[in-house]
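Presented below, as structure tokens, is a lone chain in the form predicted on its own.
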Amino acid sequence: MVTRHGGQVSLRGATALIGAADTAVGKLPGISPTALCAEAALAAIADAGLTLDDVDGLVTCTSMAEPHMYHAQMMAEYLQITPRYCVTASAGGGTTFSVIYQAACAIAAGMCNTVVISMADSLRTGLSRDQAKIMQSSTGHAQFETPYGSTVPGYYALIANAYLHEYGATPEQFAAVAVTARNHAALNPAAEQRTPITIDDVLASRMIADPLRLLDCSLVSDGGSAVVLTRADRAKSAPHAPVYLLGAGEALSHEHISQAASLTTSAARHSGKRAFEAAGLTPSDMHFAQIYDCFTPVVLIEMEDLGFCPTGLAGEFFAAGEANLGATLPVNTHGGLLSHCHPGNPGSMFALTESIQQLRHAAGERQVQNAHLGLVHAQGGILSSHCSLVLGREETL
């Protein structure tokens, strides 16, 4: 039902995710991002028990390895459909959840009924070494950042050092985030990296941008993922238990890290607050959380900003094992960007499809017991744009 809450429209329970699918991930030579995007879309549509004829909305994100000026329109042509709602989005890793929120608004407004959101890229095999270097070094402010030669890991190293200094955190606590992700990935047959690691392994991995080491950094992958979002009344006939969008919130603090007001807090505190308020729930109600983990310290900052941990104490939470399966709040149950995969803009999609599996109670060995509610959160840029979604099973409506 669409209602107004606190001066804004609430979409609580008005739409549901009824289809989800991932392609293989990792190193996939010979498969283009376009083919991966189509593969994921078709598999998600089949998972929803639908056909292409049932789809009247399509959302994709731009591909870095195979760019197209009008990506969603190109994919519609590739799939031979003519949706009345067709959007290409690009907001970095935060793209995934922002477009879910916006597609829900489009459905609520009557612009369409059933939207496929499909994203794919081939950062591992689709870019040459020189192209990858250019991509990594072109994100900074042209006047105040790029001339100094930093890359994306360098910008996040600024954040990591600020967090260590301000809260007395330790590299071991950062490492605990990576170990937790790998513990969960070890239970996920689809994860790119499944070999268990220890705190010592993380600390012994090569330095990338001090204090961030290799295992503090997300993977570089190929892969694609898709979901199907539809009106709640249409979800009743889906072959799987529908997963309802209960609340959503977006927030932006800056674009370039040199302009950030803080390096140890983020706009996640606003996106999360808006999502929880729209859902009528609190962080303590969640049974799991999927948190954007491009680098280990980002997870600690977002956990605190989203209200799951007191400021400065998220590192202790992970070090104590409280983010593991069976503990206080399982985090990134599929392995996250650190161990499952990270194909760039589509990376968050895998956290969303994992959440759908968790709420369907179909996650196998990594299933969170009695999972009824979960939060997924993504950010784009250098801790810049944020979007949070609260999801739930039908009994939570």
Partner chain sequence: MTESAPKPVPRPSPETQPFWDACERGELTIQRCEDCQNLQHYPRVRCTSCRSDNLAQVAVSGLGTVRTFTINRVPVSAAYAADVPYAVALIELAEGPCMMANILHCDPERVHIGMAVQITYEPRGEVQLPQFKPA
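Residue numbers count along the first chain shown, from 1. This one's a predicted model, so the numbers in the text were calculated from it and none came from an experiment.
The protein also exists as the form predicted in complex with its partner chain; that form is not presented, and the subsequent description refers to it.
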TODO: Go through 317-325, 255-263, 227-235, 112-120 and give me the stretch that gets within 4.5 Å of its partner chain in the predicted complex, heavy atoms only.
DONE: 255-263
TODO: Sort through 188, 221, 150, 183 and report the residue having a heavy atom within 4.5 Å of its partner chain in the predicted complex.
DONE: 150
Open item on the list: Can you work out which of 199, 241, 76, 158 has a heavy atom no more than 4.5 Å from its partner chain in the predicted complex?
Closed with: 158
Task: its partner chain contact at residue 84 in the predicted complex, heavy atom, 4.5 Å - done: no
Open item on the list: So in the predicted complex, is its partner chain close enough to residue 284 to count as touching (4.5 Å, heavy atoms)?
Closed with: no
TODO: Would you check, heavy atoms only and a 4.5 Å threshold, whether residue 131 touches its partner chain in the predicted complex?
DONE: yes
Open item on the list: Against its partner chain in the predicted complex, would residue 195 count as a contact residue? Criterion: heavy atoms within 4.5 Å.
Closed with: no
